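One chain comes next, on its own, written out as structure tokens in the form predicted alone.
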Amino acid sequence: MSGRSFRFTHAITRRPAASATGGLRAVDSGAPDVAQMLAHHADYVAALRAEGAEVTELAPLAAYPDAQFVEDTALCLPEGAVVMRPGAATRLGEAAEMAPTLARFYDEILTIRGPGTIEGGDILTTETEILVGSSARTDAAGIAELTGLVARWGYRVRELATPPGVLHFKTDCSLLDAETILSTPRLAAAGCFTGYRVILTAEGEEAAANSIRFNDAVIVPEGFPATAERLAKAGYKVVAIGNSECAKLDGGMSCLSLRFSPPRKG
């Protein structure tokens, strides 16, 4: 099905909890303003709905300060879903919390059992393959287990390396369409995207790399005008959403939703 890697009918999000101020972060740039985070989250959900998404908004999970970053909990494919095994110990319970919601949409749900770990933020699904970056959160054993699970659906997994000091593979890249990837210069220089057209983020705007293509829109974080202009000049419809508070927790546009087109249940 052409476009299945960026054309979707559904999305799952989770509203941030007040406990988000205690979320994980590589560098402490101050506690996020949860009220502002909630306002940005509402704008994000509205942007998805404007592109035709049926959005399931889940309630906050106070016990998990990073739970709004739902992408790390699962991989949603047209054939089925795979529940991840996050590499941060404080996030392990988030994946189990997501499983019942996935069951509303999928008959076939597989689970990463371990001992390896893998998070959705390290997984970029294109039309032809699944790219997975090894990182501090995703290890070789987790990637190998995922590879075995999705083989039943005909997917090929290619393991790559996330740049040193970068949290997730998709911190530095995102899919724009079947042939095109938005990438930071440092990740593109590693040769990850041979065979794809690459649009580079502008100098100093590396954080714009974590954007999402959802149907006709590319949803980007606000504050990166040169990269947004590059995307617009390439013919993409650009929608900018505030992300200042999630950025303090190393979170970007892709982290905040699971995007998919479920099979017909039954």
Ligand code: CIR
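One rule holds for the numbers: they count along the sequence shown, beginning at 1. Computed from a prediction, not measured in an experiment: that's the story for all the values here.
Unshown form predicted together with this ligand; subsequent notes refer to it.
Among the residues I130, I181, L167, L149, the one placing a heavy atom within 4.5 Å of this ligand in the predicted complex is L167.
Interface membership of G121, defined by any non-hydrogen atom within 4.5 Å of this ligand in the predicted complex, is confirmed.
In the predicted complex, this ligand sits within 4.5 Å of a heavy atom of C255.
A residue is said to contact a partner when one of its heavy atoms sits within 4.5 Å of a partner heavy atom; R137 meets this definition for this ligand in the predicted complex. For the chain shown alone, R91 is a contact residue for this ligand in the predicted complex, at least one non-hydrogen atom being within 4.5 angstroms.
Checking 108-116, 167-175, 152-160, 192-200 against this ligand in the predicted complex, the stretch whose residues place heavy atoms within 4.5 Å of it is 167-175. Along 53-77, residues D66, F69, E71, D72 each place a heavy atom within 4.5 Å of this ligand in the predicted complex.
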